[in-house]
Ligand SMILES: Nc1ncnc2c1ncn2[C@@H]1O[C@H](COP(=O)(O)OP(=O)(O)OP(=O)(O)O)[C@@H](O)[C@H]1O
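Quick setup: one chain, the form predicted on its own, written in structure tokens, and binding and motion questions come after.
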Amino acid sequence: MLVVAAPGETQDVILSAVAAQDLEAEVLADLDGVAGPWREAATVVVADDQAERLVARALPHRGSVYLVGPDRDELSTWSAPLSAQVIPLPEGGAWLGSVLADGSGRARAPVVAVVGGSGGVGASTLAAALAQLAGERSSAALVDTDALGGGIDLLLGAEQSDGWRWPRLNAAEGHLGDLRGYLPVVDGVSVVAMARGPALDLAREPLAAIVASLRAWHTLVVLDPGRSGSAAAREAVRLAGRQLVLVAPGVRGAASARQTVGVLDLDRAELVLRGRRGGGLPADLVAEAVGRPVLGRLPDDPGLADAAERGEPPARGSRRRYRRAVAGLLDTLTGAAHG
């Protein structure tokens, strides 16, 4: 890892994040020897005070460059010449930690966001079922960022379970340790749920910090962003390496999914088609209508609604066909093969 930063406050923040991830970095303030490390480093972090000097070197474009500093205008000026993503401080501190962890080469759990292409299509149910099946195989986390969803712990029958909800976690920032001892756990799934009560303005910084922590201690992290388009929902889909959009059957379901993909900027969206009796639109037509590829299809399972009312988690309350279809999606998402 290469850090291009002169001594000062921004360098201190960057090096603190490096230390928190227990990483090693080459730090350069004198740019005479920058060309070799620039080519060879897996990740490059550039402080804003060095950006203009670095651009003047006309170095070859490369990926995994991050420009860090407190002045958004200054960062925007130099982001394009450096082909760099911008991380503003202090609000981007947790994202910086996540970026450093991802570039470290260590194993980190994949992050999957599940979004409903329309309301009531069963996205939260699919998110919970994916997390449950991953929890049965190893360990998983399920993160609820939908302030209007009533709390995903209700869907799992865990509303009475001890453990922290978002109101207790919303001040989190920076590098966090293992949270498993503080969260409700259902069927091997660590659950971060909304609480019922006064509206909570969930901030992006704690969400990034929580997800980074969960990735270090689980084999899969599933996010349930909801469809509100809030800052937290947008941050959730940005953090996700895979974005699943569950599409209701029929022309209207496809049209709604197309709108959802556009409004939430789901540029990596993969579609999961919800089946219905009598079939539905062919997968190729849905893919064409929405403008995104189809990853799989789920059968209808009328019993899931009753199971949710009983507080029975979906992977327990579903029929075999639904469970097999979710297991197939999980295999595809994780690259696993389970009989």
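Each residue number is its position in the shown sequence, starting from 1. Worth saying up front: this structure is predicted, and the values here are computed from it rather than measured.
Although not depicted, the form predicted in complex with the ligand is the subject of the following passage.
Novice: Looking in the predicted complex, is the ligand within 4.5 angstroms of a heavy atom from every one of V121, A305 and A308?
Specialist: Affirmative, all three are within 4.5 Å.
Novice: Looking at 70-78, 183-191, 89-97, 113-121, which stretch has residues with any non-hydrogen atom within 4.5 Å of the ligand in the predicted complex?
Specialist: Comparing against the ligand in the predicted complex, the contact stretch is 113-121.
Novice: Would T125 count as a contact of the ligand in the predicted complex, using a 4.5 angstroms cut-off between non-hydrogen atoms?
Specialist: Yes, contact at 4.5 Å.
Novice: Would D300 count as touching the ligand in the predicted complex under a 4.5 Å heavy atom rule?
Specialist: Result yes; D300 sits at the interface with the ligand in the predicted complex.
Novice: State yes or no: in the predicted complex, is some non-hydrogen atom of R258 no more than 4.5 angstroms from a non-hydrogen atom of the ligand?
Specialist: Because no heavy atom of R258 falls inside 4.5 Å of the ligand in the predicted complex, the answer is no.
Novice: Determine whether any heavy atom of R242 comes within 4.5 Å of a heavy atom of the ligand in the predicted complex, and answer yes or no.
Specialist: No, R242 is distant from the partner.
Novice: Going through 57-84, which residues have a heavy atom within 4.5 Å of the ligand in the predicted complex? Please give them in sequence order.
Specialist: Contacting residues: none.
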